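Form predicted on its own, single chain, as structure tokens, below.
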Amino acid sequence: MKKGITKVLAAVMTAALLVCGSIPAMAAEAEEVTISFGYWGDSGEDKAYADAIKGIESVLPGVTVELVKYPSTNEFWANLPGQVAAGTAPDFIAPTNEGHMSYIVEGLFLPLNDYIDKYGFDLSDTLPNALEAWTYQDQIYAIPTTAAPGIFVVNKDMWDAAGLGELPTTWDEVYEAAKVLTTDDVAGICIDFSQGYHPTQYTNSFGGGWSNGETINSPENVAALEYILKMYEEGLAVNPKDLGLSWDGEVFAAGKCAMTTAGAWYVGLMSESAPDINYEVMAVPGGNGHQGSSMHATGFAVLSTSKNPEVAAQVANYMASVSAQMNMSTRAGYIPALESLQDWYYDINPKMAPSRASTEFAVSFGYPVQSTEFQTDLVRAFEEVYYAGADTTAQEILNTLAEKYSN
């Protein structure tokens, strides 16, 4: 879930680092070809992507890369289908794996296996669960460039003031702590139920998950949703819209909650918006003896409407190099998708180090193909209970969703 990802400020990579000698030789057959690359973000992404295309003419003579920036995540996903239909979409893009399944199933993203084999793209260093996030029916649909597991953050000042001792490692411990931390002005925990990201941290950590629609109403998912509803019923949780805020990060940075599920972007958020708050980052707590979280992975995907998909794939591979991923990390705070860069990332981002264990058990979001509609219905069902007073149970909510979205 990228909410205008804010930055981890670190030393900017030197220009010399941007040319990676390990990139395989690429075809020089394209002449005077312009490849367009679509993305969203702010200044960190702008600079990182501009750096990533430097030197490309040395491996792809005659190829020029045009950067096409979308104003926001929402406008990216809203505009892309129309652009694809009109034939005006970029050649390749940098989507996340939250809403990618419908594009894959409907044939809008091209499988890259043939290009990977033909040009020897080396994905052996990519984190397996980041690669899994972009694999469907044994076909790879994007070259992963980031790998951010879901995390959990705690306001350490509030925690210590309450005399709670060790930080929680299970949802039962979170529940008990929330009862102590909740006051008239502060919720024990923020559970952002405006989209699927945060509920998915709970389903995964209870040993469940959506499994592309195959396990929507599993006992583990029911237990996770029951837990969330209990936190709200007992007045221990807050939804951002209750406070007139748009997302969980605003709630936490404003000191209106003591705990929340989160993402790597919190490091940049807190350094810019709430530098005086002392907080701790950790792995997502476990539930019912299980542990899990989501793997939020950006990837470079080639669109089926590209006039030069083979060249676009080669450009994507070039832009996913070791040096490019390091530069993106230092400029925009992303966690690289390469296994060999994990030690480097956590060394320069020690605040994130306690959450590293999440990477080991993070899996793709696994939404059904109709991911947007599924999340909308999930949120609507929750709001009917929380705001409208419906007596629908967690089991009934998930049974209804399973009936509509199961494969």
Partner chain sequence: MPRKKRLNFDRESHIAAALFLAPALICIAIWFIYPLVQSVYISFFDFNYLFKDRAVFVGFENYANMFLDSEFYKGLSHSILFMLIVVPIQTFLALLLATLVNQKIKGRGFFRAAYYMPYVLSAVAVATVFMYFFVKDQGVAKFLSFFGFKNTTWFADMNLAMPFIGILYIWQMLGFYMIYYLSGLQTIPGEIYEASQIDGANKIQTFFFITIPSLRHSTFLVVTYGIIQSFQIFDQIAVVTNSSGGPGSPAGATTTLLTYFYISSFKLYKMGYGSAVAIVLFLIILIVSIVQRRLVKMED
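Numbering follows the first chain given and starts at 1. These numbers were taken from a predicted model, which means no experiment stands behind them.
Only in words, not in the display: the form predicted together with the partner chain, which the text now covers.
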Should residue 396 be counted as a contact of the partner chain in the predicted complex, where contact means heavy atoms within 4.5 Å?
-> no
Close approach of residue 183 to the partner chain in the predicted complex, 4.5 Å, heavy atom = no
Do residue 217 and the partner chain come within 4.5 Å of each other in the predicted complex, heavy atoms counted?
-> no
Can any non-hydrogen atom of residue 84 be found within 4.5 angstroms of the partner chain in the predicted complex?
-> yes
Would you kindly say which of 330, 194, 291, 129 lies with a heavy atom within 4.5 Å of the partner chain in the predicted complex?
-> 194
Which listed residue (307, 179, 230, 241) meets the criterion of a heavy atom within 4.5 Å of the partner chain in the predicted complex?
-> 241
Among 280-288, 319-327, 197-205, 243-251, which stretch has residues whose heavy atoms lie within 4.5 Å of the partner chain in the predicted complex?
-> 243-251
So which bits of 383-397 sit within 4.5 Å of the partner chain in the predicted complex, heavy atoms only?
-> 383, 384, 387, 388
